[in-house]
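Have a look below at one chain only, the form predicted on its own, in structure tokens format.
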């Protein structure tokens, strides 16, 4: 019964959120479309329903922080669309057959399936730790071989593909709009020879593999009209998106380095087969992530895998880091940046704890207006191509103003509940705030330091008081001096 009651309360809150958004915010959702290189008004193919596909990992190893940035960014976008009352069917594919996987499994002396299962499990754990909502479907390439073969056969029958001694290739000269996403200019004749791997030079357009014939009996392979073989890289997403979302979808996302050749080739394959244009209505791409000012690379020693990131940094802090930056921007991950984020998040934790404990009686009518204006600013920012930095700035302004009112004792308990309600509302998509008080216990030594600091403040020895506060902070004890006295908590 308790579970049902909580579900009913949550449902009522959701209805209230939507009502408040419609009442206070009349902004129009706009999205930057990579296809047209401009921001466009967002209109889903089917009213209030969105099909959204984001390119997932090739599971030859653990994901890295570049992946984490992309998946967190699109998680916030997906959650915000749901907050805006859209029903989103969210699909993230998993590439579990690839040249890199064959190479890695051979190095480890295991099958590609053992390698895939191990890393898929780790991937799912990482997503859960990062607070990423589960996709509706995580299709695996090896579960869609029949559909891939049928798709390639259709392209061959339509004259867009041809067989050679080593595979089946897509003839880009037959697709007149090739290059419309990336801006790649293709001459009438083919511009390069076919390549053997799934990796392509980014500055040269060429025919690409749809099906790769088996070269060695040790390679994983499946039956096809062209003999035993395996799928090329690009065909996978065209097949899985069409199967799970239909031949035309609303949003296709991924990292910016997938624009060419991967997403360009998806367009060529999908539109050639279905004849429906556009294959994707809105293409969205997250920016590059650097580490300490340099491109992430194993050779530079700055390659950070997600499990290692989460051993050192709180998942909320990483989400908060991503939230402070626009999804399209190039960002620089650094320890200095994370230290700054940690401090900002600590301030938010203290602020929320302060609101949870607030028992002031001087209710302030101006707080309702502040809450309404903040909601409008945040929603307006996110409706403008998910401009999270502006949304976070609006929340910070509200925090500053509320703290000012608290210091002046012009803030009541119901005011605190209003502000908390707004933060909980926005946490529907941000997933960075916590609303349960965390205190913990002080050691005897820390108790003594707290006593000495109390005396120092009584003696107005502010320098000594600050020195003790900093010492306690190094030990994980966070202090907040409020009009109601000194509050403390144990940092997570």
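Residue numbers count along the first chain shown, from 1. This one's a predicted model, so the numbers in the text were calculated from it and none came from an experiment.
Omitted from view is the form predicted together with adenosine monophosphate (AMP), to which the following refers.
- Residue heavy atoms within 4.5 Å of adenosine monophosphate (AMP) in the predicted bound form occur in exactly one stretch of 425-433, 445-453, 52-60, 28-36, and that stretch is 52-60.
- Contact check for residue 67: a non-hydrogen atom falls within 4.5 Å of adenosine monophosphate (AMP) in the predicted bound form.
- Although the partner is absent here, residue 255 lies within 4.5 Å of adenosine monophosphate (AMP) in the predicted bound form, judged by heavy atoms.
- When contacts are judged by a 4.5 Å heavy atom cut-off, residue 296 counts as touching adenosine monophosphate (AMP) in the predicted bound form.
- Adenosine monophosphate (AMP) is not drawn, but in the predicted bound form it has no heavy atom within 4.5 Å of residue 91.
- Exactly one listed residue, out of 288, 175, 138, 222, brings a non-hydrogen atom to within 4.5 Å of adenosine monophosphate (AMP) in the predicted bound form: 288.
- Taking 170, 71, 211, 411 one by one, only a single residue has any non-hydrogen atom within 4.5 Å of adenosine monophosphate (AMP) in the predicted bound form, and it is 71.
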